[in-house]
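The data below hold one chain only, encoded as structure tokens and taken in the form predicted alone.
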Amino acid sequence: MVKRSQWAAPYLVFMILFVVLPLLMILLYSFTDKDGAVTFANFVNFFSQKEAIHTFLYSIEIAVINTLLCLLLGYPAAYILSRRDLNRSAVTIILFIIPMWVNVLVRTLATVALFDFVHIPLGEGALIFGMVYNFLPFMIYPIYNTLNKMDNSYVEAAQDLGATPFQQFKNVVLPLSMPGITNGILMVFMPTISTFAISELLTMNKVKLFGTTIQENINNGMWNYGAALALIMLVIIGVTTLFSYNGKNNEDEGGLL
């Protein structure tokens, strides 16, 4: 008889080859030069270049704007989709799923063609539009899943206590949907910082994001400096994820109070 633990062996091999090993390679290249000697010059080079720091901060700014817009547009959509009295057709949900079946590059190229058709110049505005268009579903579905699984008895209890619809949303629905909001923010914010194809296509490579800088260094053979930039980005993402999970644990322990 095969032990159940042995079924995890293929997943363990997969994680070692495609998760652990690439991360170790990034770590190794980050702290070495092209000759293999240990050095911190890659990080010193990054923090001494104003252009690199500006690109990094600008990428965070674009990611924050994109995340806020996705949240403002995604939460009402998720709320409507989760309410049976507002949405009685499964077709509406499918309409939000269909764009996910298309590759992100194809969707971005279609966006470029759309802007060209209506004679709107490509630039920062087109970049933000394309970011929202591509990442909006990643905000909608975590919130939708949370709201869809929410116990409606809490809302009914608030109604029995005389709460207005706004008070019901503010004091019951919104706090209970915070896990979905947190997951949606992470799923939108983190990929936005590291993306490069969307910015290249929607700005004709006029606007550079941090992911573009990493890609250019790797393509030009500067693996060590590119790995250091990737490590900096991974640290930012890891810290953000860590804080989000701590917040979720505190919320689970404290309940609605």
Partner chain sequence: MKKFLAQTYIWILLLMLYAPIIIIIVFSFTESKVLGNWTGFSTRLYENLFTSGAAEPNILQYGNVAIKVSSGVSNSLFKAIENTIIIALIASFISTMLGSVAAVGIFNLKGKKKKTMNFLNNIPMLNPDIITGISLFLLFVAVGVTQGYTSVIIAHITFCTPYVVLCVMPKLIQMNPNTYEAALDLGATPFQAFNKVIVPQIKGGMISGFILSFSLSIDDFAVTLFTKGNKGLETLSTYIYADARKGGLTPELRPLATIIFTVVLVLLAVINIYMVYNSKKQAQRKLKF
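Positions refer to the first chain, counted from 1. This structure is a prediction, so every number in the text was calculated from the model and none was measured. Between two forms, the rigid core is the largest collection of C-alphas that superpose within 1.5 Å.
Not on display, but discussed next: the form predicted together with its partner chain.
- Only one of 78-86, 142-150, 169-177, 156-164 lies within 4.5 Å of its partner chain in the model of the complex by heavy atoms, and it is 78-86.
- Proximity of Ser5, Val20 and Leu234 to its partner chain in the model of the complex is complete: all three residues have a non-hydrogen atom within 4.5 angstroms.
- Put simply, Thr111 is close to its partner chain in the model of the complex: some heavy atom of it is within 4.5 Å.
- Its partner chain in the model of the complex is approached by Gln215, whose closest heavy atom lies within 4.5 angstroms of it.
- The shortest heavy atom separation between Leu73 and its partner chain in the model of the complex is within 4.5 Å.
- Although the partner is absent here, Thr55 is not a contact residue: none of its heavy atoms lies within 4.5 angstroms of its partner chain in the model of the complex.
- Residues of 209-232 lying near its partner chain in the model of the complex, listed in sequence order, are Gly211, Ile214, Gln215, Ile218, Trp223, Ala227, Ala230, the criterion being any heavy atom within 4.5 Å.
- Relative to the superposed core, Val235 undergoes a C-alpha shift smaller than 2 Å between this form and the one not shown.
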